[in-house]
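Only one chain is included here, represented as structure tokens and corresponding to the form predicted alone.
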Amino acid sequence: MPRTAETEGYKFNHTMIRVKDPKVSLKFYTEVLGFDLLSEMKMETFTLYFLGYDHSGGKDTEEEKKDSRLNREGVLELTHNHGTESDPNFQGYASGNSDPGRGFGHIAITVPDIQKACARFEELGVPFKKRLTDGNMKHIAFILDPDGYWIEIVPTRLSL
């Protein structure tokens, strides 16, 4: 179905998840999954971190990355409510995959070589929810981020 003139310029921009400790989460998303920090917005009681993949070959400046945040697709926003990282009573956030709080399922990352990516995650000690060898779907895997959110790992070409 063709898009209407009213929606022609619409883009899916970002998904937001809450994180307990931004230092731990930023390290995971940048070092394990290769995201770039596009921008950071500190407010009085919370901080927003916008992450995305740099497809400029490293040519984008910090200012260009920041300016691109709302004019691109596939951005991940991590929201940190100040104090959760040091609150011994904080129970964490619902990942969306168990009760209570079932609803949100996962984000997905495509990789050029899923076997190689999963071997690297294994070496880095990343927890798996589903390995390639588990279940009937042997062509996808699920890893867990530091807050327990599921991340589907998918090959760039998938035949079902």
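Treat the numbers as computed from the prediction; the structure is a model and nothing was measured. We number the residues from 1 along the sequence you see.
The discussion below concerns the form predicted together with another copy of the chain, not included here.
Although the partner is absent here, residue 87 lies well away from another copy of the chain in the predicted complex, with no heavy atom inside 4.5 Å.
Using a 4.5 angstroms limit between non-hydrogen atoms, residue 47 is distant from another copy of the chain in the predicted complex. Using a 4.5 angstroms limit between non-hydrogen atoms, residue 102 touches another copy of the chain in the predicted complex. Under a 4.5 angstroms non-hydrogen atom cutoff, another copy of the chain in the predicted complex lacks residue 61 among its neighbouring residues.
In the predicted complex, no residue of the candidate spot (21, 80 and 144) has a heavy atom lying within 4.5 Å of another copy of the chain.
Heavy atoms closer than or equal to 4.5 Å to another copy of the chain in the predicted complex belong, across 102 to 124, to the residues 102, 103, 104, 105, 106, 107, 108, 109, 110, 111, 112, 117, 120, 121, ordered by sequence position.
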